[in-house]
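Let's start with one chain on its own, the form predicted alone, as structure tokens.
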């Protein structure tokens, strides 16, 4: 359905208002600081409502402003999954921080980040996407550096520099596409020079934290404050994933490249996560792996993105309240049962346990794999079960026998939004519940737990961090670009 831009009170006008609203509210927060929390709440709720419209009406809304030289937007149920993820994660983070001492600046940046992520999700032209991704980079940098410590500033600047270098490659690729077709539309990748496709892919692979180009992600996510880590792992990296998914769905010749990176990313991320002894770094490497699941089956990436966003945001918020980030220390220091229950629910979901949304997402993804992908993705699925067994088998004792953790009301509301969302979203793919579909995930989880208990729990292998160093991240971009050139030419 294409609606004319001039049509008053149409979905076109509502859509444009919805896109602009978070930016207007973000700037208004500085004028009305006492309303900053409520403006952020309003922006997130508006996205919930818009996502609900996309699911209920199932439209295909295409907007084109300024012809081929300007903005092209597409809104459909695939976009709806990503928008809903952004809305729920932002709501949960807002509730988590509601009673904290966060300033107006923090809430304004969260709102601007929310709006720019939404804009990146709906853009289907290369220049508008570039602008949205750059705004995301700036807002994310300001949130990472919010504590103003030397460490936070360095991690933020490191993220910003890597991101900007990647987007420079992307911009050159976009110019080459325009030179070939006099259009910035995604469809212009068809028939574009190989170097254009390689450069654009490199920019998006880095922004999305995918394969070796995304090894900036573990340090950045693990060193940020828990609410910021929840936002980055839950939604920010997906701004680089959705365009790749759209490329794969739009152009048949690009689909194999996206799927190859999906399998490689899933296996690489889980290989690090299995051996990681720091809880936040393990979650960050798991994010890398789970992004691979989205790219491995582009047709169902939206549902997987929703379940992953809810799980990972919840886990980062929970881990921020554990007595330690070190798994060895956590094994020796029992945690409260209420924290363990929430850890277990989220870990069961991401492992693919029935009755939670992660089960349906895993089954749907596995059904949409090509034959050559099956072995690699099953290895990644077993590795995911091994990684999250670390949380499931943490010791826990009655509240009177452990040091009590202070958890405010906002934390519990955030958990209701995120973990409750996993229960509700479980109904999206109810066809998954047949005997064959249930047995395989349970066997995968059982195998993962067996490997964890018999082998990985006792290993003390230290994951190499050389490739995460700043200078090596630049080198990985060069190697990735060479690989992309070869794949596109092939």
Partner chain sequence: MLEAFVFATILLGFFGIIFKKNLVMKIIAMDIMSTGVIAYYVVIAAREGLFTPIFGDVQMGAYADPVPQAVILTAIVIGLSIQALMLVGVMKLARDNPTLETNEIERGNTP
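Positions refer to the first chain, counted from 1. In this text the structure is predicted, and so the values were computed from the model without any measurement.
Keep in mind the form predicted in complex with the partner chain is missing from the figure; the text below concerns it.
In terms of contact with the partner chain in the model of the complex, the residue from 158, 259, 277, 333 that brings a heavy atom within 4.5 Å is 158. Shown without its partner, this chain lists 367, 338, 179, 328 as candidates; in the model of the complex, only 179 has a non-hydrogen atom within 4.5 angstroms of the partner chain.
Though the partner is left out of this view, residue 150 does reach within 4.5 Å of the partner chain in the model of the complex, counting heavy atoms only. The partner chain in the model of the complex comes within 4.5 Å of a heavy atom belonging to residue 474. Mapping the unseen interface onto this chain, residue 394 falls outside it, with no heavy atom inside 4.5 Å of the partner chain in the model of the complex. Contact annotation for residue 82: none of its heavy atoms lies within 4.5 Å of the partner chain in the model of the complex. Listed stretches are 126-134, 316-324, 294-302, 359-367; the contact stretch with the partner chain in the model of the complex is 126-134, by a heavy atom cutoff of 4.5 Å.
Against the partner chain in the model of the complex, the set 141, 164 and 470 is in full contact: each member has a heavy atom within 4.5 Å. Shown here without the partner chain, the chain has 168, 169, 171, 172, 174, 175, 176, 178, 179, 182, 184 in 168-198 lying with a heavy atom within 4.5 Å of that partner in the model of the complex.
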